[in-house]
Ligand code: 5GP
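A lone chain, given as structure tokens: the form predicted alone.
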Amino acid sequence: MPSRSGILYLVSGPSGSGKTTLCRRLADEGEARYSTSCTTRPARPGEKDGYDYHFLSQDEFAEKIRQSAFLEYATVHGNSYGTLLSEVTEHLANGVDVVMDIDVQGAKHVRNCTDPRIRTALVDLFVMPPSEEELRSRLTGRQTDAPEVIALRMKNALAEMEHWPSYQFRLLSDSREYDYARFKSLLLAERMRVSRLIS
């Protein structure tokens, strides 16, 4: 029997904030399980079913919706994405922390979930770029996107940043190592919360 309940570490932030890097590193170090989403989009070269995504047909995805199997789901650019409730709750029940890299819309759905296992486990964090200028620099730094694409990403990022007050915690981004130290320390502190301990 686990000594504590697992934590659902929900992380949001605009493109360029570094949230995905933080989540992946936490999982790679074995500190938490990275939540693998379902999608109806085709697998890209090198992607593995069950690791990068659970690849489902439209019919399979629709059936999951009918079964109320998703913690959250949405349709983006014609493809459906969702997080299976069973995958998350199973790990939490075993005392395993789960980290989710999710947009503000998905985060709102998770916050509104009435499942007591989710509500008890949830810790949500918004990763905020230090400034609009730094965010623009990060988005243009890859030098792979056309100016109109960067402009759209900036517009979307600024709109997402308006949602940070909805979160329990905010991480104002600095250097990569400094960000990760604070990111990990929040999870470690939450593990010591008395309400999570199983007597």
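Start at 1 with the first residue shown and count on from there. Remember, it's a predicted structure, so these values are computed and weren't measured experimentally.
Keep in mind that the form predicted in complex with the named molecule is not shown, yet the notes after this line are about it.
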{"query": "The named molecule contact in the predicted bound form: residue 106, any heavy atom under 4.5 Å", "finding": "yes"}
{"query": "Residue contact check: residue 82 to the named molecule in the predicted bound form, 4.5 Å heavy atom", "finding": "yes"}
{"query": "Contact of residue 41 with the named molecule in the predicted bound form (heavy atom, 4.5 Å)", "finding": "yes"}
{"query": "In the predicted bound form, residue 164 touching the named molecule (heavy atom, 4.5 Å)", "finding": "no"}
{"query": "Listed range touching the named molecule, judged in the predicted bound form by heavy atoms within 4.5 Å, from 128 to 136, 152 to 160, 25 to 33, 165 to 173", "finding": "152 to 160"}
{"query": "Single option in 102, 88, 123, 99 placed near the named molecule in the predicted bound form, where near means a heavy atom within 4.5 Å", "finding": "102"}
{"query": "Sequence-ordered list of residues in 61 to 76 near the named molecule in the predicted bound form, where near means a heavy atom within 4.5 Å", "finding": "72, 74, 76"}
